[in-house]
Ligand SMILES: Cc1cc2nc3c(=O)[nH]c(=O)nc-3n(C[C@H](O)[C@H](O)[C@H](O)COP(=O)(O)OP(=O)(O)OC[C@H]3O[C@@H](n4cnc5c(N)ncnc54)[C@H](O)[C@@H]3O)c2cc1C
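Here you get one chain, nothing else, as C-alpha cells; it is the form predicted alone.
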C-alpha cells in the first residue's frame, strides 16, 4: 500500500467531459506518491454533513513537478447524493482528500506488449498506465468501450498517447458495435500481448479475465467495488480472492486492491460468503 496523506486541496479546474466531470485539484502530497492505479478518497457534503463516508475515485493523472505542479486529476459521475454534492463544487473551493491509496498496477520487469481495456470512465487510470508502459518500451494497444457514445471517456487522449485505439459501444453509436471483449482477442493477437490491464464494471472485468485466460496470459484488473474508509478499516469493499496457497480469503479492495489478478478473484461469489473461505465459520450467523 502507498503512504497516504490527508490534504485540504483547492480545486484548480472543473471540466465536463461527455457525461463525466474532470476535477483538477492542488494536492502536492498526493501527487508526489502517485502511481497508475492509485485512488483518492474525497470527503463529501461539507463540514456539517451527515454523509460521513468518503467517495473513492481512481486518479486520472498527477503532476508532481513542472507545469501545474502538485496537481492531481480524477473523474466523477453522478451516482448519489455524495457525488451530486461534489459535482456542484467549482474552482477555488476546497476538498478534503486522502491519498494516494491502494495498490497500483504491477509493471512488467521489462518491455512487454500489453492491451489496456477501459469501460466507461474506467479508462481514466489506464491513461497514466499507458504512459508508464510506453516509457518502459512496452508496445501498447488500447480498447475503450461504453454502453453508448456519450459514456465513453478518454478515447481522444488515448489516441494521442498510444495511436492504436479501438472504440466499442454496446449500441453502435460510436466505433465497433459490440463489447470490448468482442475485439479483445484480435488486439491480443495483434500486439502479441503478454498481459492485459483493465478497469471498468465488474461484469466487464470478469469477461476480460476469461478472454485473457483463453490466450494463456494474465489480466490485471482494477475493480469497482464501493469503498467507504479507503484505508482498510471498515471492510465494506472485500472480495473473495484465491491466494498462493490455494485458499480463498476476503481481501480489501482499498488496500490489497483495487488491482487484482483476474484469475484470483472468485467472480461468481462476489457479494456472498463462500463456505470454504478462510474464517467463514467465524463470520457466519449462528
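Since we're looking at a predicted model, the values are computed, not measured. Positions refer to the first chain, counted from 1.
Heads up, the form predicted together with the ligand isn't pictured, but that's what we're talking about next.
- For the residues 150, 131, 83, 94, the 4.5 Å heavy atom test against the ligand in the model of the complex is passed only by 83.
- For the options 62, 219, 27, 56, the one in contact with the ligand in the model of the complex, meaning a heavy atom within 4.5 Å, is 56.
- Of the heavy atoms in residue 227, some are within 4.5 Å of the ligand in the model of the complex.
- Though the partner is left out of this view, residue 197 does not reach within 4.5 Å of the ligand in the model of the complex, counting heavy atoms only.
- Taking non-hydrogen atoms only, residue 241 never approaches the ligand to within 4.5 angstroms in the model of the complex.
- Among residues of the shown chain, residue 205 is not one whose heavy atoms approach the ligand to within 4.5 Å in the model of the complex.
- Heavy atoms of no residue among 23, 72 and 154 are located within 4.5 Å of the ligand in the model of the complex.
- Screening 173 to 181, 137 to 145, 75 to 83, 155 to 163 for residues having heavy atoms within 4.5 Å of the ligand in the model of the complex returns a single hit, 75 to 83.
- Applying a 4.5 Å heavy atom cutoff to the ligand in the model of the complex picks out 39 as the lone residue from 20 to 39.
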